[in-house]
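Presented as C-alpha cells, the chain that follows is alone, the form predicted alone.
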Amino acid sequence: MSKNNRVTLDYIGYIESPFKEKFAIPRQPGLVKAAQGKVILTGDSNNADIVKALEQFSHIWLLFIFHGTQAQGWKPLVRPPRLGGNKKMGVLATRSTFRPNPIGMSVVELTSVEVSNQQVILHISGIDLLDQTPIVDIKPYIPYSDALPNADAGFAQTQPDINVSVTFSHSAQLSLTKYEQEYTGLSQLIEQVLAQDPRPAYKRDKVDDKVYGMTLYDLNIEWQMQDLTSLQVTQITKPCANTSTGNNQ
C-alpha cells in the first residue's frame, strides 16, 4: 500500500456544546454529568432512517475531528496532563489532540433522539466536546465488548483523584440566579467543571492566586483558588452582543 494513500471523510453532523473554548473542557467524557449538548445531523445523514433503533442504546460513541487544534499539526511526543505535564510520552500512548490524524472518540450518554421539522437531533450528556465539533461517525456503545474492567490502562488506570470544592461570591450568586432561568442546570455545570480543576497540570498542588476565566454558553465565568482544595467563582457575566470572544482551542 502506498504511504500516500488517503481517505476522504464527510462530516455527518456537528456538536452544539456549552464549551466555547478548549480551556476548562473536561479531559475525558463522563466526568461532568451536567455537560449537555446536541448532535445536529447534516447533509445526507440528516435522515430519520439513519437513527432508527438508536434510542435502544443508552450510550453512543462519537468519532469526531479535533477542529480547534487541527491547523497546529501533530507531535510524536506530548506531555499528558495526567502526568503533571512534566513527562513526555508517545502521542499514540495518550489521548492528546495533536495526532497524525486529528480524530477523536468520545462515549456519551444518549438522552433522547429527536426528529422534528425534518431535522434529526441527538440529545447527549456527559460531553467533553468543543462547540461546533464536526462528527464523522456514530456507533452504539456495547457494554459486553466496550467495557473491559480488567484491562491495563497504564498511567491512566483510574479516574484522577481531584475534588475541589466550589463556592460562589455574592455577586456571582446573584448572576447565577438570573441566568439559570435561561440555562437550566447552570450552577451544577459550573461546579462540576471547576471541581475537575481545569488549570494547567503543573499548577496543581501549588498556591495560585491568579484569576482564571472560562466561557460556558455565552457567559464569562471568573474564579480564583482559595487554597489547594477550594475555589470561589467571583463573577458571571454576559458580554455585549457586539463583543468578539474568539475561540482559542
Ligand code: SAM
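Not measured: the values here are computed from a predicted model. Note that residue numbering follows the sequence shown and begins at 1.
The next section is about a form of this same protein that is not shown, the form predicted together with S-adenosylmethionine.
Engineer: Only one of I60, L219, A34, I65 comes within 4.5 Å of S-adenosylmethionine in the predicted bound form by heavy atoms, so just point that one out.
Structural biologist: It is I65 that has a heavy atom within 4.5 Å of the partner.
Engineer: Is P80 close to S-adenosylmethionine in the predicted bound form, meaning a heavy atom pair under 4.5 Å apart or at it?
Structural biologist: Heavy-atom contact with S-adenosylmethionine at 4.5 Å: absent for P80.
Engineer: Could you tell me if M105 has a non-hydrogen atom within 4.5 Å of S-adenosylmethionine in the predicted bound form?
Structural biologist: Result yes; M105 sits at the interface with S-adenosylmethionine in the predicted bound form.
Engineer: Even though S-adenosylmethionine is not shown here, does R204 get within 4.5 Å of it in the predicted bound form, heavy atoms only?
Structural biologist: R204 lies outside the contact set for S-adenosylmethionine.
Engineer: Using a 4.5 angstroms cut-off on non-hydrogen atoms, would R27 count as touching S-adenosylmethionine in the predicted bound form?
Structural biologist: It does: once S-adenosylmethionine is placed as it appears in the predicted bound form, R27 has a heavy atom within 4.5 Å of it.
Engineer: Out of the stretches listed (162-170, 122-130, 138-146, 83-91), which one is close to S-adenosylmethionine in the predicted bound form, meaning heavy atoms within 4.5 Å?
Structural biologist: In short, 122-130.
Engineer: Hey, with S-adenosylmethionine in the predicted bound form, do K22, T69 and R95 all fall inside the 4.5 Å heavy atom range?
Structural biologist: Yes: K22, T69 and R95 each sit within 4.5 Å of S-adenosylmethionine in the predicted bound form.
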